[in-house]
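Here you get one chain, nothing else, as structure tokens; it is the form predicted on its own.
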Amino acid sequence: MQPRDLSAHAPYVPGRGTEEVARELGMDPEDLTKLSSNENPHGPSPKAVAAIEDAAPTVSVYPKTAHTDLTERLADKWGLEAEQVWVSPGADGSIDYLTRAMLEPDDRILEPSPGFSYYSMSARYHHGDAAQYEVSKGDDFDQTADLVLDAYDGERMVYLTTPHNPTGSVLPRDELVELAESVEDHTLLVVDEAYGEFAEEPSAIDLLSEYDNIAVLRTFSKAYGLAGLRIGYACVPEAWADAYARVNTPFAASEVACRAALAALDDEEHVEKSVESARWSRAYLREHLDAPTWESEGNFVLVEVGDATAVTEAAQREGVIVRDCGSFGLPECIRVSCGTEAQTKRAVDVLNRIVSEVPPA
């Protein structure tokens, strides 16, 4: 017996972990600087850590109350009805929920290229398919309504990543509004704001009161430092919010994750510190790296280094882990996550030395 044909499903390629690289190179993990996965270098809020510890004795109980409390808290934060907030195991869980709610077999999504591979993975899991619009290096990765509409062919869902990973570019508000008013009535615009806290552009969530064809993804993995707990959410139009009960996985967001997220929301100072640190780091990277970079509103910077694999491997041998963007279709680029001041300066010193020594691809 074999599973169904999964040959169309390209696996997600994560950034390499500290322990994985340390074992491979025979190094102490403490000697490594990991800047490959866009994680929060300051970790979670101390309030979230305390909430995790407090929740530990309660993990024998299904997370109904914690889930409800988090849903209501997020609804209050964004001025929505509770039914409009779909709490999920990471933002990728929300992608699955929206896919279940929207796609019939053979329906297509439209996604950015390069982009998050799980958009198309989820569509294909649910017997749909995917088309792409190109966020192009030749255009400095600018995102516009015309760029999307030129590729649009009536797809059921259109993914808009802002800030965009791995480039850091944003889709301006007026361009999003143009898209909302241009696509066909059956099309849902899914605005992925996983890195939204780091951007100057306001969240699209406030557009839900005006448009019933927009949903917004958010996560606690980045600015809130809870990546290991897998907790995120979608905000959806009020008119079809009741679909959540029909598509969500029972108790998928854990008790510990919900309690930690609630505590993290109470620590605005920690989020502000994390955001300011990221903004300092990306400015330092762009100013001091001896290689072309692009303006970013995420907690990372895209850098053109020539042979990304050679640079990435050389950096690892010197204790700095960055992301080879070959899996994004950018084999000449690396992505460097924003670290602490010490981590960022170390990465710049190592990368500048390597880039000067590694021959062009």
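Throughout, we count residues from 1 along the sequence that is shown. A quick note: this is a predicted structure, and the numbers were derived from the prediction, not measured.
There is also a form predicted together with a small molecule; it is not shown, and the following applies to it.
- Residue heavy atoms within 4.5 Å of the small molecule in the predicted bound form occur in exactly one stretch of 205-213, 246-254, 91-99, 137-145, and that stretch is 91-99.
- Taking T71, S221, S169, T187 one by one, only a single residue has any non-hydrogen atom within 4.5 Å of the small molecule in the predicted bound form, and it is S221.
- Think of it this way: in the predicted bound form, the small molecule has a heavy atom of just one of Q84, S120, S274, T161 within 4.5 Å, and the residue is T161.
- Under a 4.5 angstroms non-hydrogen atom cutoff, the small molecule in the predicted bound form lacks E111 among its neighbouring residues.
- When contacts are judged by a 4.5 Å heavy atom cut-off, F116 counts as touching the small molecule in the predicted bound form.
- Interface membership of R230, defined by any non-hydrogen atom within 4.5 Å of the small molecule in the predicted bound form, is confirmed.
- For the chain shown alone, L285 is not a contact residue for the small molecule in the predicted bound form, no non-hydrogen atom being within 4.5 angstroms.
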